[in-house]
Every structure is written in C-alpha cells, then in structure tokens.
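Shown here is one chain on its own, the form predicted alone, set out as structure tokens.
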Amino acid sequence: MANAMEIYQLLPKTNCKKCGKSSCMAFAAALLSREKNLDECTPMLEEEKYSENYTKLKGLVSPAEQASETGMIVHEDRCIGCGNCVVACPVNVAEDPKGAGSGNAPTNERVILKVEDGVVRLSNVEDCRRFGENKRLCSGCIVTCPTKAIEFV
C-alpha cells in the first residue's frame, strides 16, 4: 500500500480545494484513511493531462477500499493459512485462552481472526485493538505473517 507522499506525488498539486480539503496533501491523507474517494478530486476527472496519474492512483488506493473498518486487509492470494496471526492476536488470546490463546484453533466465535478454507478470515473487527475509542497501534498479526498477507492501511 502506498503512503500519503506517494499519493500526493500523483495528484494535481493545485490545492484547489474542490475536494473539500485544504490542500492536495490533506486530500492524499484523506484518501489513505478512506475518508475521501479519488473521484472527489474533480481536476483528475476533468483534465486530460491527469488521466495517466488517475489510473495509477486508482491502482494505489484500491486496496484501501477493500479494507475492514480497522484498516486491515487480508490478501487471500498470499495467505497460506498457517494461523500464526490467529494465535498472535492479543484479542484472540484474551477471548479464547483455551483455543487461540494456547496455540490451537479458536474454540468460540469471539475471535477476530480465524482460518477458514485455508485462508484467514476476519470477524468481530469492532473488537480489534486498532478500532474504536481506545484504539492502539497493535501489529501482532502483521509481524507473525510469513507471507505478508496482512496489512493495515
């Protein structure tokens, strides 16, 4: 996934405010956080000179559009179903100490990550530490994934 500076480099950099943001950099950050949508940058749509960059940006921001409410994306094509993320997730451990918390398959439905049909699936994302009022920067599932199938945007 791209960062705000990479997105900004492909924007018109006119700071026209037509998108509702104070600058193109603010719009880039809003795109990254899914607060805004690329089509809200009207110069990108109206002016032919930006068409190539629009296509590039669509490719950069489309993964974010598939993210859960927490910003988590599971790239199913990369996931090998190893379950490392399942047993590393602190919420899974707390909610399922006899299952995921002890290195086994989850034994209840209160977990966030579980392997189904050979890939990790999300459930109960509202309980993820990265979500809600008391959100924290947790990366337990990311650092344990050997194929980099999980990312946050």
Partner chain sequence: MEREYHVCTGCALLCDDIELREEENKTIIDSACRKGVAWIKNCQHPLECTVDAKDATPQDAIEKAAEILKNAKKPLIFGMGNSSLKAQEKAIELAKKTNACIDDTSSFCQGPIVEAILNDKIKSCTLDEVRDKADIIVYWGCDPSNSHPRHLSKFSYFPRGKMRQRGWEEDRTAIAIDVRKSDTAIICEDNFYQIPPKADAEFAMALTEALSGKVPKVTFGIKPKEILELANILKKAEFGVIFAGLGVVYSMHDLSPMENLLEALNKKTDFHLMPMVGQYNMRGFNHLLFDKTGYINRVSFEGENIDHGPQCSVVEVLKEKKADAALIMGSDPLSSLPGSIAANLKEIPTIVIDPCKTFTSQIADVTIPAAVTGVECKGEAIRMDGVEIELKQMKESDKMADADILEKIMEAI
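Computed from a predicted model, the values in this text were never measured in an experiment. Positions refer to the first chain, counted from 1.
The protein also exists as the form predicted together with the partner chain; that form is not presented, and the subsequent description refers to it.
- Within 4.5 Å of some heavy atom of the partner chain in the predicted bound form lies at least one heavy atom of residue 117.
- Among heavy atoms of residue 51, none comes within 4.5 Å of the partner chain in the predicted bound form.
- For residue 15, no non-hydrogen atom is located within 4.5 Å of the partner chain in the predicted bound form, even though that partner is not displayed.
- Although the partner is absent here, residue 91 sits far enough away that none of its heavy atoms falls within 4.5 Å of the partner chain in the predicted bound form.
- Listed residues 33, 37, 42, 107 were compared with the partner chain in the predicted bound form; 107 is the one with a heavy atom within 4.5 Å.
- Only one segment in the set 51-59, 22-30, 123-131, 109-117 has any non-hydrogen atom within 4.5 angstroms of the partner chain in the predicted bound form, and it is 109-117.
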